[in-house]
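This document starts with one chain, in the form predicted on its own, laid out as structure tokens.
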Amino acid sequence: MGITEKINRNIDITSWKGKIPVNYIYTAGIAGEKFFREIKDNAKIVGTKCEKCEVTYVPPKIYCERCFARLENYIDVGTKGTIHTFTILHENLDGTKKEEPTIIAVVKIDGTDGGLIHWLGEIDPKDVKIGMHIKAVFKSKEKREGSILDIKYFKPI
């Protein structure tokens, strides 16, 4: 199928042979840049707060989802939270069995209206519970690169 070929029926099977000519650059945006910079430089998790709605967003946003106000107030929200939900992984992406199970959780950061999806560590999978209090464990400063993986995992408090 060529770029200019018209699709008349959306149930017809189509394919694209060769490379798709698409170029893009991904950016984290203003709020994402501040979020990752604080993780990298200061081992801090920041959010943005809407003073009108009294909502704190983690990860930060530049506009309030409720009132559409521009958010420029970045605040340190701490590194503690609770497990909102979790899953235990017993297989690798290729379907092979993991040597040790790993745990991924939705972490609701304390005092905020948002959270992060991240690994849990320093805990046996059978001991994980929804509502459990946890805190972030960061890589050493010299190993941080400015990504969410600069947080190694969250561990029980």
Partner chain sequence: MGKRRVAIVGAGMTKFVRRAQETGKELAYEAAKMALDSCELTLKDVDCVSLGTAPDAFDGVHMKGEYLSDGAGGWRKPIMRPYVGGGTGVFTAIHGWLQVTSGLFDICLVVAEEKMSSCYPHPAGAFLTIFDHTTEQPLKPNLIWIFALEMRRYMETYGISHRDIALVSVKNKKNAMDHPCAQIPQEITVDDVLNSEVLADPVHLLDISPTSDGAAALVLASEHIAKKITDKPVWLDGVGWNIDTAYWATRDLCYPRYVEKAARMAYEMAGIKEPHKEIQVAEPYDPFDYKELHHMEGLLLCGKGEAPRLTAEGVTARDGNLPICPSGGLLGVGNPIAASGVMKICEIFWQLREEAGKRQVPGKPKVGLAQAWGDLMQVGTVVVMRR
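Numbering follows the first chain given and starts at 1. The structure displayed is predicted, hence computed values, not measured ones. Rigid core (definition): largest C-alpha set, two forms, superposition within 1.5 Å.
This next part talks about the form predicted together with the partner chain, which is not shown.
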query	finding
Non-hydrogen atom within 4.5 Å of the partner chain in the predicted bound form for each of 73, 80 and 88	no
Stretch in contact, per heavy atom within 4.5 angstroms of the partner chain in the predicted bound form, of 117-125, 43-51, 59-67, 97-105	59-67
Interface membership of residue 30, the partner chain in the predicted bound form, 4.5 Å heavy atom rule	yes
Proximity of residue 11 to the partner chain in the predicted bound form, heavy atoms at 4.5 Å	no
4.5 angstroms heavy atom contact with the partner chain in the predicted bound form for residue 140	no
Partner contacts for 36-53, taking the partner chain in the predicted bound form and a 4.5 Å heavy atom cut-off	none
Residue 23: Cα shift of 2 Å or greater between this form and the one not shown (core-aligned)	yes
